[in-house]
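Encoded as structure tokens, the following chain is the form predicted on its own, with no partner shown.
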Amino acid sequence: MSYQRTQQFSSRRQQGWNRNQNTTRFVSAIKLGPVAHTVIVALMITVLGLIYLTQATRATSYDYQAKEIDSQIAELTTKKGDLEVENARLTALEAVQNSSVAREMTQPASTEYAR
């Protein structure tokens, strides 16, 4: 069994078409003038500008959220420091009350206040 090339294939090959190259062209049925082209280009630029603006404002809103979170972090860090100091103070009082010196102390018989 032998294979033969068709006339169509060989003629396309001889016309200079390369492999994986389209052999047909799209021809639009609608013809646009210079004004229509200008309007279409202006609309495309407007749409791209609106997309850019939405992206820029979205980034700005993220900036505000980041500042708010940073202020919350600073506030919580301050509270944490205050709680650490309070914990140290209360722990120190508990250690003093449970010390051997405090256990050996006695209640005074009478207390008098100066006037």
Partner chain sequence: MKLEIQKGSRSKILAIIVVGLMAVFVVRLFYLQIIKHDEYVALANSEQVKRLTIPAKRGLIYAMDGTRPVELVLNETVYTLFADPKIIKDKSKITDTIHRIAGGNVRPNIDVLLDKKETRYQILATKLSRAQAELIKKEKLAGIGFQEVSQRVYPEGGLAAQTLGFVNAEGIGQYGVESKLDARLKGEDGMLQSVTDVSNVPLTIGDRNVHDPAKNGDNVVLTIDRNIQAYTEKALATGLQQTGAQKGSVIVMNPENGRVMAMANLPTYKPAEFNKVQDADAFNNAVITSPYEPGSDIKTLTVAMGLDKGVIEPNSTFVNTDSIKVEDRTIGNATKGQTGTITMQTALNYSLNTGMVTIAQRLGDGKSINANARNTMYEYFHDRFGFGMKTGIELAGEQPGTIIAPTRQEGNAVRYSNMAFGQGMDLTMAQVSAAFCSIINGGTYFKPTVLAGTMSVDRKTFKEDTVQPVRSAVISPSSSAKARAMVYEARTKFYAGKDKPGYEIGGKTGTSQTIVNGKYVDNQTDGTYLGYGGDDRPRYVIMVQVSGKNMNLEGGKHALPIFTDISNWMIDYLKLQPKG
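Predicted model only: the values in this text are computed from it and were never measured. Positions refer to the first chain, counted from 1.
The same protein also has a form predicted in complex with the partner chain, omitted here; what follows describes it.
Colleague: Though the partner chain is not shown, can you say which of 27, 50, 85, 44 has a heavy atom within 4.5 Å of it in the predicted bound form?
Modeller: Spelling it out, the residue with a heavy atom inside the cut-off is 85.
Colleague: Though only this chain appears here, would residue 37 touch the partner chain in the predicted bound form if you measure heavy atom gaps against 4.5 Å?
Modeller: Although the partner chain is absent here, residue 37 would stay clear of it in the predicted bound form, with no heavy atoms inside 4.5 Å.
Colleague: Residue 78 near the partner chain in the predicted bound form, any heavy atom under 4.5 Å?
Modeller: Because a heavy atom of residue 78 falls inside 4.5 Å of the partner chain in the predicted bound form, the answer is yes.
Colleague: Quick one: does residue 59 come within 4.5 Å of the partner chain in the predicted bound form, counting heavy atoms only?
Modeller: Judged by the heavy-atom cut-off of 4.5 Å, residue 59 is in contact with the partner chain in the predicted bound form.
Colleague: I'd like to know if residue 91 sits close to the partner chain in the predicted bound form, meaning any non-hydrogen atom pair within 4.5 angstroms.
Modeller: Residue 91: contacts the partner chain in the predicted bound form.
Colleague: Select from 32-49 the residues with a non-hydrogen atom within 4.5 Å of the partner chain in the predicted bound form and write them out in sequence order.
Modeller: The stretch does not touch the partner at all.
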